[in-house]
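The chain below stands alone and is given as C-alpha cells, in the form predicted on its own.
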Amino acid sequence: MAGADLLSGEIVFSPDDPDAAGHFNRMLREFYRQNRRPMPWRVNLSPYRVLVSEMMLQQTQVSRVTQKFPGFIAVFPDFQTLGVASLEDILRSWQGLGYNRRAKYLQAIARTVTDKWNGELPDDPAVLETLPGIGKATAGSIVTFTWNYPLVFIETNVRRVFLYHFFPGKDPVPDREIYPVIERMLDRSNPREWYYAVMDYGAFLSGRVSNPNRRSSHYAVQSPFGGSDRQVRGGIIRMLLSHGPMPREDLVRRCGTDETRSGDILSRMINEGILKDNSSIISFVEV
C-alpha cells in the first residue's frame, strides 16, 4: 500500500478485533517496503551507535540528527573514546543539535559503561533507566533496536500512528490506553523492523493529516526557539567554543539579552556541571 493510498481515507482498526494485528501489520509492511527511510544508525548496529542516535533524537528533528550523527561517530567511535574526551570537544561535535545537557549525559554514560561494565552496555531496560538522560521510552528503544527484544515503548511517531488508526475521534487519550494496543500489534519475530516501520509511517503522517498527537493527554506544544532560554544557552556554548574561557561579565553582556536573565541561565549551566566559574572566568568543565 503506497503512502498516497493511506491518505485516501482514514483506516480504522478496532483494538478488540482478533484480526486487527494481521490487517494492521500487512498495511505497515507494504508501506515500509515502499517508503523505508535510510538512516545511518540503522546500519552497522552496535549498542554504542544505537545509544548515541537515541540520545540525539530526543527532541531533535531526524533530518538534523542524520547530518550530525556520522561526524560525531567519526570523532567518538566508542564508549572509551567518548568517556575520556573533554566536554568542550564533545560539545563542539554536538553543535547544532541543541539541548546540550544530552551531550554531558552521553559522556557520563560512556564513563559508567567503561568503568562499571567493562565497555558493555547492559541489555536490561530497568538498568538503562538509571543512567542520566534515559527514560522509559529511550531505554525501550535502545534495547529493541540493539538486541531486537520485543519491548513496548512509545515515542512521538509511534503515538501518532496508534492514535490515528486505533483511537479516531477520542480525546484525550493517555499512553496507558495505547500500551496494550501496541502489545497486541507488535511483531515479536522482528520488533526492530516493526518499530522502524511504525516510526517511518508516523513521520509520513506528520504534516499530511491533522496531528493525532494533539489528542494525546501527554501533548505539549514546544515553546518557540527564538528568544528562549535554549537559544541563550546555545549562544553561550558557541561563544566559549569560539573564544575560549571568558570573564563572566563579558560573557553575560555578549549574550544579546537581558543581563540578569543571561546571568541566571549561566548560573544554571554551572550548577548542571556543563560550565565552571574559576575566579569569574567561565570555561567548560574538565574531565
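From a predicted model like this one, the values you see are computed outputs, not experimental measurements. A residue's number is simply how far along the shown sequence it sits, counting from 1.
The protein also exists as the form predicted together with the DNA; that form is not presented, and the subsequent description refers to it.
Heavy atoms within 4.5 Å of the DNA in the model of the complex are found in exactly one of 152-160, 81-89, 117-125, 180-188, that being 152-160. Note on contacts: among V173, L97, L106, I73, the single residue with a heavy atom within 4.5 Å of the DNA in the model of the complex is L97. Q222 is the sole member of Q222, T260, N44, S242 with a non-hydrogen atom within 4.5 Å of the DNA in the model of the complex.
In the model of the complex, at least one heavy atom of V62 sits within 4.5 Å of a heavy atom of the DNA. Although the partner is absent here, P77 is not a contact residue: none of its heavy atoms lies within 4.5 angstroms of the DNA in the model of the complex. With a 4.5 Å cutoff on heavy atoms, R208 does not count as touching the DNA in the model of the complex; it lies far away. None of the heavy atoms of R49 is located within 4.5 Å of the DNA in the model of the complex. Of all the residues from 30-56, those having a non-hydrogen atom no more than 4.5 Å from the DNA in the model of the complex are R37, M39, W41, R42, E54.
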